[in-house]
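Given as structure tokens, the chain that follows is alone and in the form predicted alone.
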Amino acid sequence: MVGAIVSGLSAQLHVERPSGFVLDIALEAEAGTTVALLGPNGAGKSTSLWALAGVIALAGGGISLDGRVLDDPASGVFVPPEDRRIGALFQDVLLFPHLDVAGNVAFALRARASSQRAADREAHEWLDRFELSDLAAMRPAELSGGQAQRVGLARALAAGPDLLLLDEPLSALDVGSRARVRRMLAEHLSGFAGPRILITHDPAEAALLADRVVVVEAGTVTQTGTPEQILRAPRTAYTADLAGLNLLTGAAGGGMIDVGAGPGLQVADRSVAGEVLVTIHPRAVSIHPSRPTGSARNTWPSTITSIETLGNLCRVQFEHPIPLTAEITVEAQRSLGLEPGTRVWVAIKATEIEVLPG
């Protein structure tokens, strides 16, 4: 059995599936923090959540939540799913089709022994928080994807769980709904006192929602760290592929983004305002031996801190004034004579900078 942390989740998950797949990972999430599980399809991310929920039995290891042992095969302890006080939100929300929106949320409240009247009253309070009051009498079949996800999140939180499990809750939404639900999810996660485990395939989503990332590949953990650490220093081919984005946070206004260092970034969309997440593909970062005279609006001098070769490509990293990674060919690196410590000019076109609400 793994040692229980005083406040939060501590788990050593050893699962053996009939297919022969073996999951063997350690997970810890302190109260009030969100840990994102990132990994390719079939890596074991969903298996991890089902094991935490008690749907899949552990072959070894153990699970402790707030010091309470939920699963310990060695000593025969197993708390059934309905007694684990775990809330879950999945990409297929699985709302009860025979209940209206208010009834779906009230069901979660009734499950923790509220009276029907109290459950109905509190359900409507949760609907108010998620801007769903006008949908209270609608059935799940009448809802859009974004509306259904908000109902599912309200239901999960209304149950008063000690742990929240989120399995790619935004992946099935269209772009417009995803942005709105993501903002609402971030807001309500920040107000949830317990630990949260989030499965996502989107590094930008992990950066917006997670405090820490655990990369799972082939049933094992291959890397852990903050979203920025994972993307800045990938350790496997999978995380190197994820690191196809530079991620920066900043404040936008008037076509400029203040990222806290350097000259700021000019962007093509002058209407964007407020806190934002900036994504720049490394191939959009060009390197010049002298100040460029082309169309790029964002240029500044910098010093190369490191160069990593991956096949016929090089990942060139800069720390100042803005931390960035550029991707160029080995041939270009050699022809420019680039080495750690080389002083160069960096350039990025405004049209190559993507901006997401932060």
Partner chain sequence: MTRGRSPRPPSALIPFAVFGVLLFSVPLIGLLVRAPWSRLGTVLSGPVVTQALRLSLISSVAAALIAAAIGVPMAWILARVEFPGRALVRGLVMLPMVLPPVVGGTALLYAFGRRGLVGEALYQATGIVLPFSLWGVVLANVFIATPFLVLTVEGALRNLDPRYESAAAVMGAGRWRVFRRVTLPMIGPSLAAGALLAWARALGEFGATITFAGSLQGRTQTMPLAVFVALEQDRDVAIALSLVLVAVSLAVLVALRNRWWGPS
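Just so it is clear, the structure is predicted and the values come from calculations on it, not from any experiment. Numbering follows the first chain given and starts at 1.
We do not show the form predicted together with its partner chain, though everything after this point is about it.
None of 211 to 219, 87 to 95, 283 to 291, 128 to 136 except one has non-hydrogen atoms within 4.5 angstroms of its partner chain in the predicted complex; the exception is 87 to 95. No residue of the trio 229, 235 and 300 has any heavy atom within 4.5 Å of its partner chain in the predicted complex.
Contact annotation: of the candidates 260, 254, 81, 191, the single residue with a non-hydrogen atom within 4.5 angstroms of its partner chain in the predicted complex is 81.
Residue 116 is the only one of 116, 75, 144, 171 with a heavy atom lying within 4.5 Å of its partner chain in the predicted complex.
Proximity of residue 111 to its partner chain in the predicted complex falls within the 4.5 Å heavy atom cutoff. Shown alone here, residue 313 lies farther than 4.5 Å from its partner chain in the predicted complex, counting heavy atoms only. Its partner chain in the predicted complex comes within 4.5 Å of no heavy atom belonging to residue 150. Interface membership of residue 99, defined by any non-hydrogen atom within 4.5 Å of its partner chain in the predicted complex, is confirmed. Contact residues in stretch 129 to 147 (any heavy atom within 4.5 Å of its partner chain, taken in the predicted complex) are absent; none meets the cut-off.
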